[in-house]
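We begin with a single chain expressed as structure tokens, specifically the form predicted alone.
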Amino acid sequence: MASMLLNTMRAGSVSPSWAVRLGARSLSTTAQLHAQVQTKSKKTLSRPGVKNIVLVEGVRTPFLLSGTTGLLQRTGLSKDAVDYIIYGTVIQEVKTSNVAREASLGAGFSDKIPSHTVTMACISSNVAMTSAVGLIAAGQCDSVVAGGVEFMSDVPIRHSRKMRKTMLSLNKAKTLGQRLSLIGSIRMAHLSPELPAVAEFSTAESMGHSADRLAAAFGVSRVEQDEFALRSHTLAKSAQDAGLLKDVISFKVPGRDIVSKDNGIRPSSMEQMGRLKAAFIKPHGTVTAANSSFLTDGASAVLVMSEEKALAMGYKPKAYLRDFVYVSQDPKDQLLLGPTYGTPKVLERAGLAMSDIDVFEFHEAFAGQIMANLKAMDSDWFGQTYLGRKSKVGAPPMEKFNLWGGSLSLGHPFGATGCRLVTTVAHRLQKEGGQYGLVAACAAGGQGHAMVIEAYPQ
């Protein structure tokens, strides 16, 4: 999947206890459907003596309900013109532990191009992109492919620890008697597999359980969560039908037909969503299958270059990749608050205010997580107590927020979502006439990422 995505670049056109202190914030599902951000004239974030680093192109496979050649084809990029390849992934397959290297070779890149794989939970491809930025800024590279991939339909499932120990002992056994003795020691309990779980090692709590607690702490109701989830699916459907999701490339699923669009977009109704039972904290929790992102297969890739190199090769960049930050906080009670911590920090680095941002794209792990972040950002108490600010950060206006859907509707292949967010911001800035966009995401471990993106002059 990842190597196919890379090839698409080769031959085509470029062109928590806090609830009592926090006020409620409701959402309208329909008011934002056709909102447009007004074009503004602002200063550029270009700095003397600092390389301008640009996003040339971004592609992804359709995000598919669980059940990288594309970048080359989309850009017409020569397979020898890349200096480095970086990919992010979360649930690694042992046979392809360095999936970036395997993907690059599978896509036909030169075997002289170094490749490495990074992992940082749901912001793994964000790390891949910012690592690319670092290599270019340091003068080590001029052209880097960054991306991410996740294949949730076929995750590695381990034998139990007892079984693994027995099998390793069998490998060391020297006599037939030793082998028969070990085989005879196997019991039914040995055969119980260890399934992967989206749970924190430090707290042993699933992310869904944490999201439910976070929503309760910020007073986010079930109705608010369902409304936001419905909004996400409705906006995604509208964007898909309007042909706005231009980063999606067709993908041949082995043994099946060619898939050309995301298949998890399913606008429903508040009545249908209201019938679903709690998925994690039963029976009284508010997080359900309908207001959570779903397990997804998918891959994404972006071509990152120095501006000078991109123009010399005849490319028209889509956007500048500007300031970015990574944040980390308490993984138990603030696991999913990365956007709240990251947004003010990246704005400060860039010398911008919330009002300067024309396009917001936040990762939607859960509707409750998004709503909790919006309430935390709109709370003076939270800003003063936890962020060390004199006042609140301020919540993004919904008429600028995730207008083409998000992870709740498009899907969330863990290692690939970051590139989708950045490419979406670049495309929305072009479509809506804005200058600055902001990407923010939470990640397991209580971590997060935020980045400012500036539109390239059209």
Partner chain sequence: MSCECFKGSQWRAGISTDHQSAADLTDRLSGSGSKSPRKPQRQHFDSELVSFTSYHCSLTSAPKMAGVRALGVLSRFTSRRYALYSGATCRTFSVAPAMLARTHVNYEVKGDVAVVRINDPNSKVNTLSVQMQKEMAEVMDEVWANNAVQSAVLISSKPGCFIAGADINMIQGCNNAEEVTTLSKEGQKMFERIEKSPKPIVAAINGSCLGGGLEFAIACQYRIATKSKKTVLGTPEVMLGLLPGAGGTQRLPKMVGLPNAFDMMLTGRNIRADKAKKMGLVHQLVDPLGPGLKSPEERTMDYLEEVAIEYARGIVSKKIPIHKVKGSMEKIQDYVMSFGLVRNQIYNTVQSKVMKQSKGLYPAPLKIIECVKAGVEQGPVAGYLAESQNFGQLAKTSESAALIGLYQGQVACKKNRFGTPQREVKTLAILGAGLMGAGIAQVTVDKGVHTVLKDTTVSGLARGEQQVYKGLNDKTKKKNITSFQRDSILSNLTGQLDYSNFAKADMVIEAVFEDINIKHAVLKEVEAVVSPHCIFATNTSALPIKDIAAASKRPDKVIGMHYFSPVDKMQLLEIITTDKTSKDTTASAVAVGLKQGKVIIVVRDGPGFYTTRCLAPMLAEAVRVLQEGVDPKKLDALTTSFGFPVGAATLADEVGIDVAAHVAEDLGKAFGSRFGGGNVEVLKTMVDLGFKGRKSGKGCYIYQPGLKTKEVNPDIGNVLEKFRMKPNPAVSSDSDVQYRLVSRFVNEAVLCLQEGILINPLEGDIGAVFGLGFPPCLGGPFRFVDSFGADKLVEKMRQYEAVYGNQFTPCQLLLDHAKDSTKRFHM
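Keep in mind that this is a model prediction, so the values were computed, not measured. Numbering follows the first chain given and starts at 1.
Another form exists, predicted together with its partner chain; not displayed. Remarks below refer to it.
In the predicted complex, at least one heavy atom of A217 sits within 4.5 Å of a heavy atom of its partner chain. In the predicted complex, none of the heavy atoms of S355 sits within 4.5 Å of a heavy atom of its partner chain. By the criterion of a heavy atom within 4.5 Å, S379 is counted among the residues contacting its partner chain in the predicted complex.
At a distance threshold of 4.5 angstroms between non-hydrogen atoms, S124 is out of contact with its partner chain in the predicted complex.
Here is the short version: of K318, H233, R322, R213, the single residue with a heavy atom within 4.5 Å of its partner chain in the predicted complex is R213.
Contact with its partner chain in the predicted complex, judged by any heavy atom within 4.5 Å, is made by just one of E102, E307, D83, D333: D333. Of the stretches 115-123, 297-305, 282-290, 362-370, only 282-290 has residues with a heavy atom within 4.5 Å of its partner chain in the predicted complex. Contact with its partner chain in the predicted complex holds for none of F228, K246 and K400, as no heavy atom of theirs lies within 4.5 Å. Residues are counted as partner-facing when one of their heavy atoms sits within 4.5 Å of its partner chain in the predicted complex; in 433-457 not one qualifies.
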